[in-house]
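To begin, one chain is listed below as structure tokens, in the form predicted on its own.
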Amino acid sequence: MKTNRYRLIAVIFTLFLMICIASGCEQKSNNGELVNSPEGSLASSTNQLQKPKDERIKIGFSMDTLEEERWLRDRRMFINAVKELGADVKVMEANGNEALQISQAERLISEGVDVLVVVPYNAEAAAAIVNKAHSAGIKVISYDRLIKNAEVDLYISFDNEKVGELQAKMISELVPKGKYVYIGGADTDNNAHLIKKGVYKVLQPLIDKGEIKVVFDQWTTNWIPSNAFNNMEAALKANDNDIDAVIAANDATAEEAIKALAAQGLAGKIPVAGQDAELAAAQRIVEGTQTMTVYKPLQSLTLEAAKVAVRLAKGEKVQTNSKVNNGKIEVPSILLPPIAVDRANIDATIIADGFHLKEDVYRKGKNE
């Protein structure tokens, strides 16, 4: 009788377990996590979404363009910095195409990157990238250029308003009175607006006094060099070549302005400011056709960006030194200081840092 009773109990207990499992009774896994919950706690569990310890962090890097020298440097340095931190990185470059950049970012998101770093082509349109990334639980770092009207997790760049201030300060000290031409960057790039803001912060008091007159001020559509050349050509024509100073949004636009000046026999006679410290700009500074550039140590930018990307991927806190309003929120930001460079300090800055080799700046053996 006892044997039959035990068998009956065993059958009843087995049936109970089967009913419990079928109805989704809560059980505990070996590590104490809730599993088999009818509410789907397994899928929504934070611990379940964490990357396994033996799986490498993957950073997505969505770039606007590689057309200019500086962006090739950013790409190379960022990749090296991420790898040195033990993570992987995948880079996609959009060739200055707004729709393509969004499509590429969606691909990086679908591939499961842990953090998405974006150099936006269009500051406004890139908000869609942020929204899509956040929907997938991926944080977004706005790199060098600020993404507008989106809840960007972090912005890292140089102080671009300060860039414009450095340009205008040096040129206005050389030309305290006269007619100025301003060749801006792309209207779609927030940095172009910040640089211009910095320029006018310095120039406006002189404009108000009547000492300086800006006789030409135009954006360079899509940062395309030929558009900058056309702008400078139009400025010279409109003023019968009577120009005293030129401030350009970067070294590529400065180069085109200098070409237009050269066509009129004015290269080297009119001060020209640029920024980015490109090799060609450094060579022009040595030769005397470009007055100054602004050096932004990319090694510092790429290394810091790589560090914060990995920290965000790990869920760690990131220290910032500023906040920048992007039209929607005050974005936590890391802003690095730029450096004005002219003929007097070129050796002590970009050459001393190894940003460019001395023999390249001075064109291999040319006497200083």
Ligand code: BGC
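Bear in mind that the values here come from a model prediction, so they are computed numbers and not experimental data. The numbering used is simple: start at 1 and walk along the sequence shown.
In what follows, reference is made to the form predicted in complex with this ligand, a form of this protein that is not presented.
Backbone and C-beta atoms of the displayed form are kept clear of this ligand by more than 2.4 Å after its pose in the predicted complex is superimposed, which defines the site as open. Using a 4.5 Å cutoff between non-hydrogen atoms, D342 does not count as a contact of this ligand in the predicted complex. Proximity of W71 to this ligand in the predicted complex: non-hydrogen atoms within 4.5 Å are present. Taking the partner from elsewhere, T293 is found to have every heavy atom lying beyond 4.5 Å of this ligand in the predicted complex. The closest non-hydrogen atom of E256 lies beyond 4.5 Å of this ligand in the predicted complex. Among E165, D276, D153, D244, the residue placing a heavy atom within 4.5 Å of this ligand in the predicted complex is D276. Between this ligand and the residues N227, N191, S172, T289, the one pair within 4.5 Å by heavy atoms in the predicted complex involves N191. Comment: 142-150 is the region of 259-267, 176-184, 198-206, 142-150 lying near this ligand in the predicted complex, near meaning a non-hydrogen atom within 4.5 Å.
Heavy atoms of every residue among N160, W223 and N250 are located within 4.5 Å of this ligand in the predicted complex.
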